[in-house]
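To begin, one chain is listed below as structure tokens, in the form predicted alone.
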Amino acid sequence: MPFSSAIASPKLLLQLFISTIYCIFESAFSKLRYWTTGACKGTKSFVSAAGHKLNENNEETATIPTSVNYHFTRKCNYKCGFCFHTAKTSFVLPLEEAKRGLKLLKESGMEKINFSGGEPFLHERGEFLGKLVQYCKQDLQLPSVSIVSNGSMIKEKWFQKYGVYLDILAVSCDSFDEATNQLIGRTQGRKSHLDNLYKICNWCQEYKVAFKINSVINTFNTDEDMTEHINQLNPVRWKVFQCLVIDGENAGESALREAERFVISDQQFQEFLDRHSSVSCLVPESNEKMRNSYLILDEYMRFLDCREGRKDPSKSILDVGVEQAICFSGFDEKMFLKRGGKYVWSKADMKLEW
């Protein structure tokens, strides 16, 4: 060995030793930092420096994206004052990229996909949505494919073309009084939101799609009794949400909405639930249950973490994969199960009378 190399070797060994110690401390710090009270829920676990979920025995586990809500567009033709996923961008992934992400989710264990917005029927007049619905049911063979819509853009010809691939269609309706819907912003021009609701309910029956209703309870409808109308429409589920404030979406300086005037107390929400306790299909979701118990993908296919009262995005699953991205979703799997997030969601298993 040359003399110069012999002199240099101790220095190289020292640098290697320091580098190794640094990596050990960096790994330990990363594990401490991402210890879950938050990120990857299920068992008591933490996220390693590599982004993998580990349990107490230092064994890798993974959060399974059983049910995913994909908000592929933020654009909407309504202006609901409490909306917490507003039109901050107009971006929509190309169809093939969206399909690639959906396939990644299926390979990671997804059983149910829910398409939402914005208004999902607005982009390409529902054709983009229809192609995604068909792909998920026909190609990916998902047990459940569902949509949440305001109902204003849905045409019967969409059901004729794509209804066979859809398990559940949820239409948002916050009041059975047209004037109240006007105050909330769930309207467009002189079109009747309620006429659309009943029309779509009939189409769902005709084309064998399970019909669902979503309602956000707020200051304008908290005293309303919707029992008669809900019983008449007879949805498979009536999802009743407490108005939720998300910084940067419907509250704060950068927000496109000001939802504070729509917010109700926990007591008011409970009084609404008590008034409708006879409705068998009612599924209540308070802010506590709702905030962290949904896996939400935005238009870039990034999981959104709502634990801090805002929507902090992960990296896109298209760039880093599902397993790594989901560790930064803030998903509370225990609350997901507690609120009844897993239910009979395939229309083939619902035993409905069409």
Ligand SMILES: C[S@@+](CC[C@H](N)C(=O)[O-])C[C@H]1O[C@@H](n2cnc3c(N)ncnc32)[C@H](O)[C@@H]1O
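It should be emphasised that the depicted structure is a prediction, and the values quoted were computed from it without experimental measurement. One-based numbering along the sequence shown.
The discussion below concerns the form predicted together with the ligand, not included here.
The partner is absent here, but in the predicted bound form a heavy atom of L244, alone among L93, L273, I200, L244, sits within 4.5 Å of the ligand. Taking a 4.5 Å heavy atom cutoff to the ligand in the predicted bound form, the contact residue among L129, C136, L169, V216 is V216.
Exactly one of the stretches 265-273, 224-232, 105-113, 145-153 approaches the ligand in the predicted bound form with heavy atoms within 4.5 Å, and it is 145-153. Residue contact check for F84: one or more of its heavy atoms lie within 4.5 Å of the ligand in the predicted bound form. The closest non-hydrogen atom of S175 lies beyond 4.5 Å of the ligand in the predicted bound form. Residue contact with the ligand in the predicted bound form: L318 places no heavy atom within 4.5 Å of it. Interface residue remark: I64 is not counted as part of the site for the ligand in the predicted bound form, having no heavy atom within 4.5 Å. Residues S116, G117, G118, E119, P120 are the ones in 95-120 with at least one heavy atom within 4.5 Å of the ligand in the predicted bound form, listed in sequence order.
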